[in-house]
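Only one chain is shown below, in structure tokens, and it's the form predicted alone.
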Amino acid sequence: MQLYHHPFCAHSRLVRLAFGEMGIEHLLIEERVWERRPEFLTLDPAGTTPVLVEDDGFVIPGIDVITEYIDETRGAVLGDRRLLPTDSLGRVEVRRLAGWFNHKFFAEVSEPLIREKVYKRYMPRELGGGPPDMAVIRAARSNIRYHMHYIGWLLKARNWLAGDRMSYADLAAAAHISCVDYLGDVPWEEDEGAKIWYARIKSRPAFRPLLALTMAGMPPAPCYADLDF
């Protein structure tokens, strides 16, 4: 399979984490969505990453569709490694929390920080590139605090975010937080429970390729690849 992604697209990171947990081989193709390549738009007119292309050319676009597709086509044989529970109530909670991070956290925290601090460095000025908007950055840094408290609150009664087993909910949260952590904008002092949870998931083998990422001219925060941060 081919995964069209960007290294700092949190949704793409979620798919990569899921593939790592499931042991699914894939080929990465980096896509700069602001370039609006006609070949990429042919795959997905929405022009956003991630986009998954199966061996036979079948196209699966968008994070919500991709995660459901992976579970439907590969999940049943994974046993305890399945990222969606088999019971309907458990699946609802995983989907609810994955949606929280893929949409709410994305809109309030990860997307504005990545856009202002990463994407705008590479985008031409006529496409929105240029210096970061510090007001946007300050708002995102403020927003992340209540998300950290929410993670900590969930973990007071659960082993993982959605229940007793790791799921798409944990991978979604970790994927978005990992992008923000690279930039040094995660207030780890805000909630000890959230920090312990992230250290646990960050130590998993599936996370290693993400922790090895570096961006030219913008090294990661010192704690980014530190498993004992």
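Residue numbers here begin at 1 and follow the sequence given. Since we're looking at a predicted model, the values are computed, not measured.
Another form, the form predicted in complex with another copy of the chain, is not on view; read the next lines as being about it.
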Tell me, yes or no, whether Tyr69 is in contact with another copy of the chain in the predicted bound form, where a contact means a heavy atom of each within 4.5 Å.
-> yes
Contact between Phe58 and another copy of the chain in the predicted bound form at 4.5 Å, heavy atoms?
-> yes
Does another copy of the chain get within 4.5 angstroms of any non-hydrogen atom of Glu35 in the predicted bound form?
-> no
Is Pro45 close to another copy of the chain in the predicted bound form, meaning a heavy atom pair under 4.5 Å apart or at it?
-> yes
Indicate whether the candidate residues Thr73, Ser88 and Arg96 are all in contact with another copy of the chain in the predicted bound form, with contact defined as any heavy atom within 4.5 Å.
-> yes
Looking at 175-183, 192-200, 27-35, 45-53, which one sits within 4.5 Å of another copy of the chain in the predicted bound form if you count heavy atoms only?
-> 45-53
Among the candidate residues Arg145, Arg138, His103, Arg81, which is the single one with a non-hydrogen atom no more than 4.5 Å from another copy of the chain in the predicted bound form?
-> His103
Listed residue that, although another copy of the chain is not shown, lies within 4.5 Å of it in the predicted bound form (heavy atoms), from Ala107, Val92, Leu127, Met134 | Val92
